[in-house]
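The data below hold one chain only, encoded as structure tokens and taken in the form predicted on its own.
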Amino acid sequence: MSIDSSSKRRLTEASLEVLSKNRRAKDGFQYTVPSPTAYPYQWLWDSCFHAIVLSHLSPADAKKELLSLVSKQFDNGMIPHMIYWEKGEVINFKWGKEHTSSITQPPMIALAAWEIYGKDKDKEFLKKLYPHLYHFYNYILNERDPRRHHLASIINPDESGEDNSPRFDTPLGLPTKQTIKESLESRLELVEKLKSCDFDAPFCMKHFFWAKDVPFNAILCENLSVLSKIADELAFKEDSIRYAEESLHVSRAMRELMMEDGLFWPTYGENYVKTKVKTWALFAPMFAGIPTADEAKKLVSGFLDNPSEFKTPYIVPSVSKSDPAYDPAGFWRGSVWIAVNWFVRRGLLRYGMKEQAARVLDSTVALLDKSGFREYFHPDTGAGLGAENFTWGTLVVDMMNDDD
């Protein structure tokens, strides 16, 4: 299947409609909610996805999306993963903050800024955003890697963006088969511990939950490389050199501390105990170009192209069919998420695997055509699950234009 011009136009228009309907404005800022009913707040990596898509459709709105994010940046540099712009919003988690959460999410914002800059070369926008990027990535490098082993830790599964992924069952003490309620309750308990620690990551939280996630660190690695380019563009030469070196450090640390038999596994605790659960995270290092060409080829042939693993009728399932945790309708436990497809496709294109990348795009289009803009999808039937009018499907716009 190939994406013809009429399909491309139709999906672009539908994506713009979803983003426009989900757009909000408050206190002079403009942002986009992932779903009007299920997710009526602003999320960090969701807004980065929105900005990347909007860079194709309206760079001005893309810039507003990121500027709203950094408006709530903490004094220590952290950008919170949730912003509650409206008073009285009801949430399950009590984060100890009035308008934001107290944790972060995958550090995608440098890449989002660079994608916008690539469209209109607005250097003034980069200059305005750069101090926020500088302090945010320094926070990740310093507070989440206090021993300078060059892997960033997360202090809650929610920081991965994949709240209920089986990658975190063992660190949370949960069984492989569980209910969403059980997962939520364990994370709520963790939030209470976070609050008792005053969200102090390196000193206190490492005793409760201290996980090095593969996608989080692969995303960090790629974004540090991009941040180096941004710094260079703004003539911050020392910063540029430093962030390029930090990116290389993360890449090397992932190979040293996460890799075993050609596969990258998340770890937890100070001793880097590996959690060998086969999720889409196996492919995440390709996004940052970390595997060698031969390693990437073996990874794709052994897993992505393998019907016993990740080759389902609709791809890419978030968990391998062969893993005990696999649940095709489960929340991050086997269902297909469009953001995962976006990361995997970018990794495939980076290694010149155009045939597999085309298959990911074709499957993404088929899911949207069949079920619309849903939160996640059944890998066997393509049925839409979870929230409706969910913005991650709009990433198809970037996927349709990323190899032009």
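Numbers follow the displayed sequence, beginning with 1. As the structure is a prediction and not an experimental result, all values here were calculated from the model.
What follows is about the form predicted in complex with ligand GLC, which we do not show.
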Counting only heavy atoms and a 4.5 Å cutoff, which of 157-165, 245-253, 266-274, 174-182 contacts ligand GLC in the predicted bound form?
157-165
With ligand GLC left out of view, choose which of Tyr137, Tyr314, Phe283, Trp332 has a non-hydrogen atom within 4.5 angstroms of it in the predicted bound form.
Trp332
Within 4.5 Å, heavy atoms only, which of Ser101, Ser318, Gln105, Ser153 is in contact with ligand GLC in the predicted bound form?
Gln105
Answer yes if any heavy atom of Glu65 is within 4.5 Å of a heavy atom of ligand GLC in the predicted bound form; otherwise answer no.
no
Using the partner position in the predicted bound form, report whether Tyr39 sits within 4.5 Å of ligand GLC, counting heavy atoms only.
yes
4.5 angstroms heavy atom contact with ligand GLC in the predicted bound form for Pro59
no
Contact with ligand GLC in the predicted bound form for Trp45, defined as at least one heavy atom pair within 4.5 Å: yes or no?
yes
For the stretch 375-399, return the residues whose heavy atoms include at least one within 4.5 Å of ligand GLC in the predicted bound form, in the order they occur.
Glu375, Phe390, Trp392
